[in-house]
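Structure 1 and structure 2, given next as structure tokens, are two forms of the same protein chain, each shown alone.
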Structure 1
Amino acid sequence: MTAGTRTLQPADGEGLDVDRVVAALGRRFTVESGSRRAVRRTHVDTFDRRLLAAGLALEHDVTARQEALVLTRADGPGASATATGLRWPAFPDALPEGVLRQTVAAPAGIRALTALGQEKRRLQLLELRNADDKVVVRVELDEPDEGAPARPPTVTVRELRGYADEAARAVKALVATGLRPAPDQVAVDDDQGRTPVADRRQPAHVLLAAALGGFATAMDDNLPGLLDDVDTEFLHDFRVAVRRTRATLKIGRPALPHPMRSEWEPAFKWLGDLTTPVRDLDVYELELPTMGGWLVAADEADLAAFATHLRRRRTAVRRALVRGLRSQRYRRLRADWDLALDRLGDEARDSGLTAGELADQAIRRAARRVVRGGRSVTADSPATDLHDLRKRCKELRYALEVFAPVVDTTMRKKVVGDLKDLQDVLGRFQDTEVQRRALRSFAEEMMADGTPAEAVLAMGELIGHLDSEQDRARAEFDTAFGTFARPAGVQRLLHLGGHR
């Protein structure tokens, strides 16, 4: 419900008695009724519901006369805009300029807006006039079309500036007919990120099967958007599910049957390797605007040739990715994996490990490797040492995620917070190392293709900036690791690792 509006609806299961509504309002105002019009309403959000999480709801209404976007906020006034020829999916920059686009663009970020559902409605506008024949309130009747299962009918009272008392009287008249305030249609999704609590005494393989099944579902959910190239986050989220699967197979080895190690770890490594080239190029394309800001001697326009080179490379490697994901090998992998998970969830394992015991072992081992590896890093350590430590941090992070249902929630969140800061530093160090090598390779390819010298020189400046960034990240490492490995942090790790 937005500021300046009140939305009401009939009691559960009841329809809207339009004649009764008009009669009730007519006792206080002169009612001018518009004609009913059919509308096709599309509910729009990003695939991962970023607008919902931000307390926003976006609708695309199409009638015979016009198209309109209607944005509702949970905490303030909404917005609307006339739209022409919108097709979904679309990125926020395809929306009409103005407040609505600015409000939507912030939470949507780099994600495309997609159609989540569609319904047919019938709308009718009532204008309420006072004794001076001035329009003081507008009332919108919104009903589902005949035979169309949808949300219940609503009556929305829209207050006009300076006529708050009249709007309040209109609401009072409608409540007297039996209408009641409608629940807010926009609400922040408070369940996002919550982890169901599990029994530490349950068999470890049961928890692992549930986690692996969730990752498989995430892969399936993101595959269509990945194949259609809707936005880059479908591939990113697909890869995250694959990485989590691989990590869970690794940390779950003591409680998993041997085929999980001999057959499925290599299978998911193939899948991860298949998706890497496109994701690497996506990252460069997404960061191009930021890279342009690094330039001092060169001009941002000099990176146009680099952008063209990236798009050409991406088109080529994406063909291989799509072929792989549409291949019989991938279809067989997914079908056989579902069967393997079904067997894992149903069979009784002989390892004897409970979920709590495996959680303690996995977290304790991963934490020990991080602390030992971090303490061995010196000013003279090669870059490979920091890269290895980054991988160990990932293993600890995945263990904390997989076993979240059976460890202390408050303690885990504090450890994850400390670990995230360390991972950020190590990530920047490693990313700059990889990006420097890649940019040199790209520059060589572009020179061979006859790219103008200005573009190559601009890329050289980017490489110089990355050198400085890597030095900065290396300088920040000691502080980040010291914070992570301080006595209180180590004590929390010991607690999560079973030393209670």
Structure 2
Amino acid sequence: MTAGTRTLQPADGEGLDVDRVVAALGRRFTVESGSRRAVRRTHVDTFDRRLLAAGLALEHDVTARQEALVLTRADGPGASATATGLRWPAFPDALPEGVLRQTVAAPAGIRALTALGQEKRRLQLLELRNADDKVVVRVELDEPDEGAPARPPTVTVRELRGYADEAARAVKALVATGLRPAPDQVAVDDDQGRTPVADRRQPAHVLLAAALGGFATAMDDNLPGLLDDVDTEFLHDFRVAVRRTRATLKIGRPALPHPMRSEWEPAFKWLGDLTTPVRDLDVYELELPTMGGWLVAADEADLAAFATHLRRRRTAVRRALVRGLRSQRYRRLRADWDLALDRLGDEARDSGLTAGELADQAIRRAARRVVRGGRSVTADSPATDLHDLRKRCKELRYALEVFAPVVDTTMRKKVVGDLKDLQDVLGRFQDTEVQRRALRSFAEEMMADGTPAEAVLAMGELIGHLDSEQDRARAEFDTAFGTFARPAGVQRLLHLGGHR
């Protein structure tokens, strides 16, 4: 099976010299070239680029003999599937069942997938064999043919399980011919819409103002859909923008004027709290089908009472949310915030901190807090310690996002990758904890309402499942933290900014 891939491309604007590639590989391996194939490639995403935002790229390749979907992801192994007769637009459930569909369906949600561009390309597969005539590496050449190319020619090295050294040697040989690692073909969500490089010497508050302005726009974009209850995703995205705003205010304290802390931090806390109850219920409603799958003894139908209960609660709390967002208070908050950001942007007086200095300071501080927090976790630490560590991880993650324009991109991505794994474990641990408690209180409310016993028993089963999920997450913690806190990883974190 394939273990991982590395994609290379010629230096800017140059074509691919296939003979040279084959010759270079031929010095180390026996190269067997497959025949060339023409492919019609369609780039597929939702109209609002949800896959891109989730770090995914979906391509639909049609050749004379077959049709395939290829999913690449910025942060890990992709997936592929054979397809027949797919037409765009199509909903995610039209994709062939499997990992690919699951990965696409999560961010796409209820939105249709549409064709965003098409081109013709030429593909060729090379098999590299060792002295035993065993295939040890596969290399795929992919060149533009007709139409506006979405990417330059690429050479993808596919590592086979157990043959990592051979793949590394192939990459070296290719780099020696002048090929270079391709920049990630898919942007990571938090880089979207931002220039990857900004001047580290610019005043810190200028960088912060730009970031905060972006989050304010995101709130506005999602507000109408949220008020009309078009889709739960609008509320979710609105909340993300609020959370990022709050985190940026906190990280930016050393460089921001005082009212940002005394007035605006509490204002956005109010806004965040206002949106929480509906989102919490949305999460259960979205999870309901999954939860049904956990049941062994009880029947999925026994969850019907729970679904009704959730819907009733949601109607009530949504009313409060809509009232809050239509209120005078919110309108004033939003208008005043624009003014405050304008003022911040052209503030003559500043803290004297540059963006680069603030970035280094904030990232280091947050990183040290994560490392210290994680090291103090032992086998008997209470759940609250892990919860606290999760918050520290989030702070670090936000710092890495806000300062993305002024730190080294490659190193940052590596750091974010490690951090994500740790956050994932902590997230699962904490979410199961919260859900377990919530389910218990839902069950109590339902009992008080006179709900039949089967329905309450089914809830008990869900709670049991969450218990074991939590144990599992706890067991994975040591490894995840160990990987994050390994010396090389920590060094990288502490010197992220040092390159520019």
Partner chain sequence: MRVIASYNIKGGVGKTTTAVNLAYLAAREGSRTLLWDLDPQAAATFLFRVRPRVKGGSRGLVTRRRPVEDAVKATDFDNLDLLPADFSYRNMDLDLDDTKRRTRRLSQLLKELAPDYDTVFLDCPPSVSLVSENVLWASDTLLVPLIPATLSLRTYDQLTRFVADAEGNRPDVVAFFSMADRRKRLHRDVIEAIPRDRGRVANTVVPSLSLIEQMAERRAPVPAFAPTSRAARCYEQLWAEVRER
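So that the term is clear: the rigid core is the largest set of C-alpha atoms that superpose within 1.5 Å between two forms. Note that this is a predicted model, so its numbers are computed, not measured. Residue indices: 1-based, along structure 1.
**Student:** Structure 1 or 2, which would you say is the form predicted in complex with its partner chain?
**Tutor:** Only structure 2 matches the form predicted in complex with its partner chain.
**Student:** On a core-based superposition, does Gln118 travel 2 Å or more at its Cα between the two structures?
**Tutor:** Yes, the C-alpha moves 2 Å or more.
**Student:** Superposing on the rigid core, do we see a C-alpha displacement of 2 Å or more at Glu140 between the two structures?
**Tutor:** Yes, Glu140 moves 2 Å or more.
**Student:** Once the core is superposed between the two structures, does Thr84 show a C-alpha displacement of at least 2 Å?
**Tutor:** Yes, the C-alpha moves 2 Å or more.
**Student:** Quick one: CA shift at Arg49 between the two structures, core fit, Å?
**Tutor:** In the core superposition between the two structures, the C-alpha of Arg49 moves 3.0 Å.
**Student:** Core superposed, what is the CA shift for Ala106 between the two structures, in angstrom?
**Tutor:** A shift of 7.9 Å at the C-alpha.
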